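Here you get one chain, nothing else, as structure tokens; it is the form predicted on its own.
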């Protein structure tokens, strides 16, 4: 689900339910020590952190690959810096999993096949497609995690929001893609089609991952902590779709 982050205030994004200024109630008003007494909630958090951790590790690997397509040395250096930030996020998640008594590799393993499959199906063919994927495609997953974070205990919520911090890719991608479209407007049509494909694949993959993990799905549809009800799930995906449309506009692409 998650591989590259885009902050709430990035160009063309919308605020999500995980507004840290919102008043927290129920489990979201508790800390980890209080909330983790519920074994099902604990299992959901381990799944969530495992998915995020593998996503960050995959992001590190992918940025290293994308750097090979970079047209200039300055671009290569910028991606290397971003890759380093993603690996630091992975280390934070790995260490947190260990601290709460979960084996990090075991927590990540259930998500490897789905995430790797998503990236195989959406492998960019060039530098610009890679930038669009990082900014638009992966940001959909980040929006999803922010929605979930609003329902988490305070300790876990703080960690999740911290690792969703932008690594600098948002403004970098917007600048490079818009410049490419200005230089050759025909590029815009191709990238718009690519972004629409990413949107569909990212949403489908997110839904499959959640459906395969009982604790996560229960958290979303209710039954654990302050889980979403089915109507809220629908509203959540509407907000994610709206944020996607705004990101497309920021890139100069039609949604």
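Residue numbers count along the first chain shown, from 1. Please read these numbers as outputs of a predicted model, since none were measured by experiment.
Beyond what is shown, the protein has a form predicted together with a further copy of the same chain; the following relates to that form.
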task: Would you check whether a further copy of the same chain, in the predicted bound form, lies within 4.5 angstroms of a non-hydrogen atom from each of 76, 108 and 112?
output: yes
- request: Taking 4.5 Å between heavy atoms as the contact cutoff, choose which of 31, 212, 65, 38 touches a further copy of the same chain in the predicted bound form.
  value: 65
query: Tell me, which of 149, 83, 181, 174 has a heavy atom within 4.5 angstroms of a further copy of the same chain in the predicted bound form?
result: 83
- prompt: Quick one: does residue 46 come within 4.5 Å of a further copy of the same chain in the predicted bound form, counting heavy atoms only?
  reply: no
field: Residue contact check: residue 91 to a further copy of the same chain in the predicted bound form, 4.5 Å heavy atom
entry: yes
message: Using a 4.5 angstroms cut-off on non-hydrogen atoms, would residue 60 count as touching a further copy of the same chain in the predicted bound form?
response: yes
message: Contact with a further copy of the same chain in the predicted bound form for residue 127, defined as at least one heavy atom pair within 4.5 Å: yes or no?
response: no
query: Where, among 139-147, 156-164, 100-108, 181-189, do residues come within 4.5 Å of a further copy of the same chain in the predicted bound form by heavy atom distance?
result: 100-108
